[in-house]
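Consider the single chain below, provided in structure tokens and representing the form predicted alone.
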Amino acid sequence: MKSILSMATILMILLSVAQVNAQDGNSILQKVDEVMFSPNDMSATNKIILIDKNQKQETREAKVIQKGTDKRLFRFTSPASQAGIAFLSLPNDVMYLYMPAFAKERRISTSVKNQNFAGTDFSYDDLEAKAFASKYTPKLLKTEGNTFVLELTPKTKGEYSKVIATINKTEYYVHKTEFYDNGNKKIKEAIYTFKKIGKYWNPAEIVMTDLKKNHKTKMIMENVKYDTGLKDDDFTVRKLVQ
């Protein structure tokens, strides 16, 4: 009887710990979303530097606008070979790609969202405007120094089996994300540098590394403006092809 009671007690403790960890993970991820998506809207210019395994670099420029938690338009402006290539992310996992060479937009199907966008190391799924809490189920793995470490499990099957995210414990912005494939092998990682602009924390630089290809994409955000009054009409297929 004592053994049975002990086992029951242990089980209750384990279940209690699991529930606390889940709750902590959920509350942490919600706070991350509050930081990442706190502005009503945002516009910026991006410098994108592609770095291959031999450290050869290619530089591009782009403009990006975002509204709320589910609308984002990203468009290359230079060099001439890339200018006009654009990506639009809308609610309900709707995404479009525009290639000037074909002069026609194309809706991105779920089956290709894991493909990289225009030679960068960011997939369409990485670039999607969508709150973390709506994409992932979080679990708090540990607290380490001034950071939380969360395991994020995608709510729908896709490119990644899990994402390990390191979160600033004080300000709740992301330090690092590590991406694992469906064989549980780490395939990519992103390092973030955040800077405060006014009352908002801004991802001033993101370095995404494809570990299989030994290739990096450094995205530097400049000329950032918040809460300028962007409209829903700024995020349409008509705007994508302009």
Partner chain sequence: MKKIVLIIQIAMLVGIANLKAQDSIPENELQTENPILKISGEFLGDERFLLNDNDQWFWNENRLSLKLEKKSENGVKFFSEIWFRNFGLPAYQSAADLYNKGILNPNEIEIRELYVSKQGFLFENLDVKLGRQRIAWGTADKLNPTDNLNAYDLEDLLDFGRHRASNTLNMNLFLNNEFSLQAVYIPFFEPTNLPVSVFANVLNSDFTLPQGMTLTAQSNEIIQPEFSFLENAVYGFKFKGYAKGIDFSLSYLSGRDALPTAAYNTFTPTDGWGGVSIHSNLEYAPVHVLGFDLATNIANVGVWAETALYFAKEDVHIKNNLSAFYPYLPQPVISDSIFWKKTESKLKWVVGGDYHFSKGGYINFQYLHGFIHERGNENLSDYFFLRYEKTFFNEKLKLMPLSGAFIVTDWENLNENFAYAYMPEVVYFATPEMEISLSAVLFEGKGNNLFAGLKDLDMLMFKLKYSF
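Residue numbers count along the first chain shown, from 1. So that the term is clear: the rigid core is the largest set of C-alpha atoms that superpose within 1.5 Å between two forms. Just so it is clear, the model here is predicted, and its values are computed rather than measured.
Quick note: we don't show the form predicted together with its partner chain, though the next part is all about it.
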(request) Quick one: find which of 169-177, 34-42, 193-201, 207-215 has residues within 4.5 Å of its partner chain in the model of the complex by heavy atom distance. (result) 207-215
(message) Is T137 part of the interface with its partner chain in the model of the complex - any heavy atom within 4.5 Å?
(response) no
(request) Give a yes/no on whether E151 approaches its partner chain to within 4.5 Å in the model of the complex, heavy atoms considered. (result) no
(request) State yes or no: in the model of the complex, is some non-hydrogen atom of N146 no more than 4.5 angstroms from a non-hydrogen atom of its partner chain? (result) no
(request) Answer yes if any heavy atom of I164 is within 4.5 Å of a heavy atom of its partner chain in the model of the complex; otherwise answer no. (result) no
(request) Output the sequence-ordered list of residues from 102-133 with at least one heavy atom within 4.5 Å of its partner chain in the model of the complex. (result) F102, A103, K104, E105, R106, R107, I108, S109, T110, S111, V112, N114, Q115, N116, A118, G119, D121
(message) Checking Y96 here: with the core superposed, does its CA move 2 Å or more between the shown form and the other one?
(response) yes
(request) Tell me, please, whether between the shown form and the other one the C-alpha of F132 is shifted by 2 Å or more, with the rigid core used for superposition. (result) no
(message) Flagged pair V112/N46: C-alpha distance shifts by 3 angstroms or more in the model of the complex. Which direction, closer or farther?
(response) closer
